[in-house]
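Single chain ahead, written as structure tokens, the form predicted on its own.
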């Protein structure tokens, strides 16, 4: 089953560049593109890709707002931000809005394929350069236990509480308790922010491929 990929960017050169990078991957299928948020939303009413490669700077609406709309209305679609912005605020806002990953527009073909495959199955993918930006001016790290770190890694892989419980041989209630503690320790209120902070504090690897 091929991964259906849709591109949202207002520059045709970028669209064609990304489309060229997708070529050669036997399991990835380019299904179309939009140059603004309105066209993207119109397309989604008819067809739903597996992954959207989304720019932040769109002419009619911020990619951050578009990402949030897609996440709320089409939760089965994974948004992978592809941006020239490597500033902490943009990265955080995209991830907080539901993006499953964030790569820069200088991404290599190999990494783009890896990122698409990762987010398509619910994993989180953040490029190395982006992680370094998130880790700048890092404050004192909160203390987390070995088990909490294991739970964090599972969450970054897109596993649900029951799946994590089965993998770690503990009860679902225990996993729920660990997740609640992690949200408190990392001072966040949703899974996207939790994963972002996990990258930020180096609790999990840059590209969680486990």
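If you superpose the two forms and keep the largest set of C-alpha atoms that fall within 1.5 Å, you have the rigid core. Given the structure is predicted, the values throughout are model-derived calculations rather than measurements. Positions refer to the first chain, counted from 1.
Keep in mind that the form predicted in complex with the DNA is not shown, yet the notes after this line are about it.
Shown alone here, residue 146 lies within 4.5 Å of the DNA in the predicted complex, counting heavy atoms only.
In the predicted complex, the DNA sits beyond 4.5 Å of every heavy atom of residue 41. In the predicted complex, the DNA sits within 4.5 Å of a heavy atom belonging to residue 177. Contact annotation for residue 57: none of its heavy atoms lies within 4.5 Å of the DNA in the predicted complex. Highlighted residues 160, 171 and 191: every one comes within 4.5 Å of the DNA in the predicted complex, counting any heavy atom.
In summary, the region of this chain contacting the DNA in the predicted complex, judged by heavy atoms within 4.5 Å and restricted to 161-169, 62-70, 33-41, 46-54, corresponds to 161-169. Residue 161 is among the residues whose C-alpha shifts by 2 Å or more between this form and the one not shown once the rigid core is aligned.
A movement of the C-alpha atom of residue 46 falling short of 2 angstroms is seen between this form and the one not shown when the two forms are aligned on their rigid core. Once you line up the core between this form and the one not shown, the Cα of residue 21 stays within less than 2 Å of where it was.
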